[in-house]
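Take a look at this one chain, the form predicted alone, written out in structure tokens.
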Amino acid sequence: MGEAEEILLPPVVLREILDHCRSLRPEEACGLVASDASGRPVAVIPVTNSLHSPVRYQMETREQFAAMKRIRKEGWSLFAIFHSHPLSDPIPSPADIRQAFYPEAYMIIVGLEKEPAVVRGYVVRDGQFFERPLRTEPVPPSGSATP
């Protein structure tokens, strides 16, 4: 793989991911992040972990289907799949890698073992994971025009 691209998240998207993950601790939380036509993340869609486990997750099938349908209906794309590791570091487990069914989407993992939470992003290809720098986009000063 070439140069590692950055994963850029607007602050509101990162905050929604963190809030959702913290709210379900000690269970692993999970969900989807959708992006608009420009590739900018615009929506966090929480999905129930049907395993209700602190060490594994599986998205509830009907909710995941509805979330994917909403993404298509809005004209968005699947940007990332996120989940938390309440008891360990945010590094993909063998189960996480086996369940990476959307290689075009980033994998974002929130480590909640300590505060502040540690958030990392990855791409998963051919059974291997590659970390990508995760950066929060700066918030423009209020009242400023964007070019």
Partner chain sequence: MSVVVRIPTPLRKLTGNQGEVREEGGTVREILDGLESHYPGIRERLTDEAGELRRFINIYLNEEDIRFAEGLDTKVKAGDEVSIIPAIAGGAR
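Given the structure is predicted, the values throughout are model-derived calculations rather than measurements. Residue numbers count along the first chain shown, from 1.
The same protein has a further form, the form predicted together with its partner chain, not shown here; the description that follows concerns it.
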- Item | Candidate spot A34, Y122 and Q128, all three touching its partner chain in the predicted bound form (heavy atom, 4.5 Å) | no
- Hey, in the predicted bound form, does E115 get a heavy atom within 4.5 angstroms of its partner chain? no
- Though only this chain appears here, would S38 touch its partner chain in the predicted bound form if you measure heavy atom gaps against 4.5 Å? no
- Item | Touches its partner chain in the predicted bound form: Y57 (any heavy atom, 4.5 Å) | yes
- Task: Considering only heavy atoms, tell me if M68 and its partner chain come within 4.5 Å of each other in the predicted bound form.
- Result: yes
- Could you list the residues in 100-115 that come within 4.5 Å of its partner chain in the predicted bound form, counting only heavy atoms and keeping sequence order? F101, Y102, P103, E104
